[in-house]
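What follows is a single chain, given as structure tokens, in the form predicted on its own.
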Amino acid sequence: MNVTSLPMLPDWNHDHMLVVFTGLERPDLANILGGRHEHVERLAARAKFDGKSGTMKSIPLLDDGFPGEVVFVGVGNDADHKSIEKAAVKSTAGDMLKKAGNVVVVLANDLSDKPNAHGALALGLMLGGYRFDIYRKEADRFTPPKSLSVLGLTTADLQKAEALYAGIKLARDLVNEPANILTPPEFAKRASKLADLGIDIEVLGEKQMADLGMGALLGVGQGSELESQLVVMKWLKGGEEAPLAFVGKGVCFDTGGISIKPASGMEEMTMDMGGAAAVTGAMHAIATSDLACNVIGVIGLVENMPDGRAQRPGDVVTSMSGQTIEVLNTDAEGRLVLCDAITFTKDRFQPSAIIDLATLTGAILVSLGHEYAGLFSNNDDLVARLNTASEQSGDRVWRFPLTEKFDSMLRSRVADMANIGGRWAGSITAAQFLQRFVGDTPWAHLDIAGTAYVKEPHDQGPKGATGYGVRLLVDLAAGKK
């Protein structure tokens, strides 16, 4: 949904809607509607609007030459930029603005002086107005307002919101795409378009990965007719400091392979590339914002299919690190993709830290539902930075332990390790597996299986792909240390 800034109110007509965000029992609307704020305040009283967080009231203006309607949105008395953004998301995530005319959005005086209030409002309107309906017939698609303008929004705040939203939208679009459209080669093609933003792009095919010894990643994709890809995105505008590295799991469709998943729910495995989507979206937002930082994005793109060439339970593969892996379950494939991508990133770029993102385990949903991503790390300072970025961005994380006891659950009868650790602590043993490939590099793993895709509307938008991780990574990159 396109949002513009508005320096002053336009001439009012029947095609206008006024949306007022306020935390007061009655909105203080001085200087709004050309000094006719008393009229709007009377409407708020008539609608019995109390300003409480989450409340919305709509009432016709139709009085004294002001046609159209006014919508009051409550933010609450203890409002900050987060609650303003949340209220804005709610106002556009539903059908309130469907087929509306010219919409003017106003922060009442009790909110307009909050730090970053207008920027949060603009971003929230964009996030809530996201739709993925390109495969519906045109009559069933969401029709946005003719115009959606925020009174008093500065150009700088608008540009910042637009840059971040563009990255989130890209990630959401990638996750929402069906797997017959977003194949590994197609994903690589779309990621390569970031070159237009000044990002250096490199795409490795199967032969190049084989030459590097990426037997773990290539083993996952060998049952597919579609070639696996490794995409490297480089944004180096931070001087001589070592880059921060983001690594994303990009399983464009996951049948489970020979260890095939149940049919029920398998259609949701189009979202198993949510980590790669988050990394790609974050790189887009970083470049669009022109952040002065050094960041590397690496995504491993595969399709996990069960044909006659697919790897079998019990196969042994050799990773790029030289460590061998007994594949006990071909549906524990994401860690096989990530371990080679992590080794490649560590050896080639010697980053200051590696953060990997992956829709890795169903077990993380049992622990955290759809509210938090699981955080695993070998470095307390990196965890502190991620917690700060999480607080700033709203992409929430919760740390889990890593110990020798959990690591010992990965013992194999024939290889250096198995790719699963048994029934218990599945999210932790998956992280322990990945830790074997990071060496001394500060590293964090984010299991986003519960946060990349949701079936109900949430604080940052409608149901479906969330774009989780984009904001977190951007804030981490912007914070640098």
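Predicted, not measured: the structure shown is a model, and the values here were computed from it. Throughout, we count residues from 1 along the sequence that is shown.
Below, we turn to the form predicted together with a small molecule, even though it does not appear here.
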Check all three, L18, S83 and V150, heavy atom within 4.5 Å of the small molecule in the model of the complex:
no
Given 194-202, 327-335, 157-165, 396-404, the stretch touching the small molecule in the model of the complex at heavy atoms within 4.5 Å is 327-335
Note: exactly one of V232, C293, A117, M269 sits with a heavy atom within 4.5 Å of the small molecule in the model of the complex, namely M269
Of S390, Q222, T361, S321, the only residue with a heavy atom within 4.5 Å of the small molecule in the model of the complex is T361
ask   = Using 4.5 Å between non-hydrogen atoms, is D254 touching the small molecule in the model of the complex?
value = yes
Next on the checklist: Taking the small molecule as it sits in the model of the complex, is I420 in contact with it (heavy atom to heavy atom, 4.5 Å or less)?
Outcome noted: yes
| said: So, A449 and the small molecule: in the model of the complex, are they within 4.5 Å at any heavy atom pair? | reply: yes
Non-hydrogen atom contact K261 with the small molecule in the model of the complex at 4.5 angstroms = yes
